[in-house]
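First, one chain by itself in structure tokens, the form predicted alone.
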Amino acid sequence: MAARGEFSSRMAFVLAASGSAIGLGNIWGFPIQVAENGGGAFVFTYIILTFLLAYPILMAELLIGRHAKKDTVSSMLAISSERTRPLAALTGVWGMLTASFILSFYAIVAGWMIAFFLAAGADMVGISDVKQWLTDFSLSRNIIFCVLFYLLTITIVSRGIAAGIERWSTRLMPMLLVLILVLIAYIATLPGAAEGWRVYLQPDFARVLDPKLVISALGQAFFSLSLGVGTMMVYGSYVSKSENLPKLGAIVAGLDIGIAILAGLLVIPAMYVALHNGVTIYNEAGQLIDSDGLIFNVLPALFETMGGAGAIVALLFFSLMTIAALTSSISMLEVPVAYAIERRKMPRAKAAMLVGLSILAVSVILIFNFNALFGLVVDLTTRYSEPLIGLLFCLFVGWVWRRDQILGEIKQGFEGAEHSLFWRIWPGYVRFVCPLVVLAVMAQSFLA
């Protein structure tokens, strides 16, 4: 397995897997969900549901990947029966394609983050024309920075597990944490932040059982851990057999929750600082401005009100967003690249380049047909495809994969696993409870 590549340590895997999970959905999406769903009540519900329901599905993906030590298609085939092989292969291919299409729109948004980061730099040196071009929505800007983001992602993935994904994850994740803490500390000193902290941290327990809040928290927990596209399966395939997977999965879930909560401590107070400074954060109907408007209109407007410090804060914020996007994009690209390497026998550098450029072509099509296709691809992948694939993962682990093989895989690195609380609870959860939860998330998506 050494030739295939493996994470060199437990910490390397935790940082890489956490980087995959901690993307724009945490730093961008989670605070919006909090603001729209009862503040602290949503945070409380999200934490509970992540460990009760999203963590078991995360474990299913990690176990499948480490058991097979292959790409998503080969991994699904490895746990299938003779009768379920066609469905297993379809599930693996479907997950790979979903990861690729998610990357196709994700890279466009990530390019915007780079552009706004550079705009803050242009503002600092007084190049107003350049700043204007970087922040205006245009075909040229969108294509240039989308291509730049792909080049960064392809370069990292082409260098392999140790020299690429691991090396950059272990560098970028600590940077992300430092940046978010610095920004939280600064925003907390500004007028209006205290109201944001109050809204964020004070739960309205009367709303905890609100069905809409619960389903929203379920969806956020599910999607924020990068479940349902095979990224965790592929990363699990690079984990040593000597590692305790239930413990590693719990650490990843805990870090994902922690960063999401820190993002809320940054974005929610920043919203109320903006409101204090006269920036509009609610529309005419009294609803919070949509997430695109928040990141690319409200927060830049807030930075403008900060005087000389505003450009520095903007630079730090959009560097944070770019790092979060990059740690997730490398895991998404790795899913089809692993398939090309292992099923099509391509050299890694060639696979990363060909696959990356193919997905870039899809991104360019989305850019040229933005209004018609962008939102459609987002909905098809995140609202419908991800939950369906997650459901199939649960059904295969709960009903197809032999129970003795599952226990044998868990016991590698976890002696006495059969006597643990995890083994008493998890198999039943993934067999009965998790499919029902995924169906609930799907139902909410169809009815929304």
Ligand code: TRP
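All values derive from a computational prediction rather than experimental measurement. Counting begins at 1, following the sequence as shown.
Although not depicted, the form predicted together with ligand TRP is the subject of the following passage.
Engineer: When the contact criterion is heavy atoms within 4.5 Å, does Glu409 count as touching ligand TRP in the predicted complex?
Structural biologist: It does not: once ligand TRP is placed as it appears in the predicted complex, Glu409 has no heavy atom within 4.5 Å of it.
Engineer: Met173 versus ligand TRP, in the predicted complex: is there a non-hydrogen atom within 4.5 Å?
Structural biologist: Although ligand TRP is absent here, Met173 would stay clear of it in the predicted complex, with no heavy atoms inside 4.5 Å.
Engineer: Find out whether any non-hydrogen atom of Ala270 is located within 4.5 angstroms of ligand TRP in the predicted complex, and reply yes or no.
Structural biologist: Looking in the predicted complex, residue contacts with ligand TRP do not include Ala270, since no heavy atom lies within 4.5 Å.
Engineer: Though only this chain appears here, would Ile102 touch ligand TRP in the predicted complex if you measure heavy atom gaps against 4.5 Å?
Structural biologist: Yes, Ile102 lies within 4.5 Å of ligand TRP in the predicted complex.
Engineer: Just one of 241 to 249, 158 to 166, 173 to 181, 330 to 338 has heavy atoms within 4.5 Å of ligand TRP in the predicted complex; which?
Structural biologist: Flagged stretch: 330 to 338.
Engineer: Within 4.5 Å, heavy atoms only, which of Met113, Ala88, Leu227, Ile323 is in contact with ligand TRP in the predicted complex?
Structural biologist: None of the other options qualify; the answer is Leu227.
Engineer: Give me the residue from Phe145, Phe223, Trp94, Tyr200 that has a heavy atom within 4.5 Å of ligand TRP in the predicted complex.
Structural biologist: Contact check passes for Phe223.
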